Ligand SMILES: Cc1ncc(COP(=O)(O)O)c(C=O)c1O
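Presented below, as structure tokens, is a lone chain in the form predicted alone.
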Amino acid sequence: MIPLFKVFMPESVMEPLQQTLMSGYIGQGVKVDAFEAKLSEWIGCPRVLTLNSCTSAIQLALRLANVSFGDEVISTPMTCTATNEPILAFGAKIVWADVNPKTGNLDPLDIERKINKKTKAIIMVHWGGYPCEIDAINTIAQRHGLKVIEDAAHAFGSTYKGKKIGNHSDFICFSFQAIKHLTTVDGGALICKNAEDHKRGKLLRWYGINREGSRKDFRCEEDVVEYGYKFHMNDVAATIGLEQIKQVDGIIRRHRGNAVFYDEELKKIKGIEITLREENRLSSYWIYTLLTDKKQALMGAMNEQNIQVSSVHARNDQHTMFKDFKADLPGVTEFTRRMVCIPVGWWVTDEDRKKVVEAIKNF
């Protein structure tokens, strides 16, 4: 089977990991600090908070955006449920915006149509790593006094107008879960545009406790002003991250190389359409999505050839837990009807990708 996903773990991680495990300290410490510094350098933004997951990053971003009970958050159903479940945790309401059926990304025009006095924030998801209309969405948000959260779980290393994702909106959330471009086994990060948000987020990720403040007893916290969470990363995960970030450029380069090959080959095949590409942005291709009117038949044929394919995420608005937030979303319906994700990652060899293309041609 050519898998759709695979965990990358360099052997070089074993020695530093053993040192951390046997050091007597495995909580949030010097390794987390070092990993945050490397991430800041790699992304080009100094306000990085490492966390235990991207889900926590989204929840923390919503908290920093002051989302509360009864507020509305505009979001996309084309994502993992982890994007939208944190909205429910605040007692807020989800307002679904439609997507461009050529990309799976939010349609800025539909976002603006959905804004009202209860709207507090907008969450965009870069489907497969392909950046959304970031400037258009931020312009709309600024016009209405809203905060923008980028769920960039798919988009580590993607670029928009020459800058890496992580440098554009109020909050950017990354995932370092097992099968992402860069994994810490489980983990995530939140990047804050505003220094005050970063300062507040640093407190809230660990119960609201100021771990850098002075205290008379090293085990007893000073006054905690605002309640927080146990969302921090630990030194074990950060140690893995420090080794992974050395490899991530090569990983992304291979994902992109495979995607370029697919683009060239698939556009020659009748009945197959590649998703939209614009010159001012570049995907890191966590997944590669093609479009076809024969989705289910193609998926069956590919699996018969031992090539793992999938829709990856079901549209969230169909889940029972989101039943109170129904909306007419023709773009989502069109995209989910036609989209298929094929293997594109670092493990896909030249021979593998030729086999994938040949299977599609034969179908």
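Start at 1 and count along the sequence shown; that's the residue number. What you see is a predicted model; the values in this text were computed from it and never measured.
There is another form of this protein, the form predicted together with this ligand, and it is not shown here; the text below is about that form.
Contact annotation for G166: none of its heavy atoms lies within 4.5 Å of this ligand in the predicted complex.
Within 4.5 Å of some heavy atom of this ligand in the predicted complex lies at least one heavy atom of H313. Within this chain, S53 lines the site of this ligand in the predicted complex, having a heavy atom no more than 4.5 Å away.
A residue is said to contact a partner when one of its heavy atoms sits within 4.5 Å of a partner heavy atom; D98 fails this definition for this ligand in the predicted complex, lying far away.
The candidate spot formed by I251, N258 and R353 is out of contact with this ligand in the predicted complex: none of the three has a heavy atom within 4.5 Å. In summary, the region of this chain contacting this ligand in the predicted complex, judged by heavy atoms within 4.5 Å and restricted to 241-249, 202-210, 140-148, 179-187, corresponds to 179-187. Residue in contact with this ligand in the predicted complex (any heavy atom within 4.5 Å), chosen from V236, C80, I272, I115: C80. The partner is absent here; in the predicted complex, the one residue of V332, I58, L49, L39 having a heavy atom within 4.5 Å of this ligand is I58. Within 4.5 angstroms of this ligand in the predicted complex, the stretch 136-168 places a non-hydrogen atom from each of D151, A153, H154, taken in sequence order.
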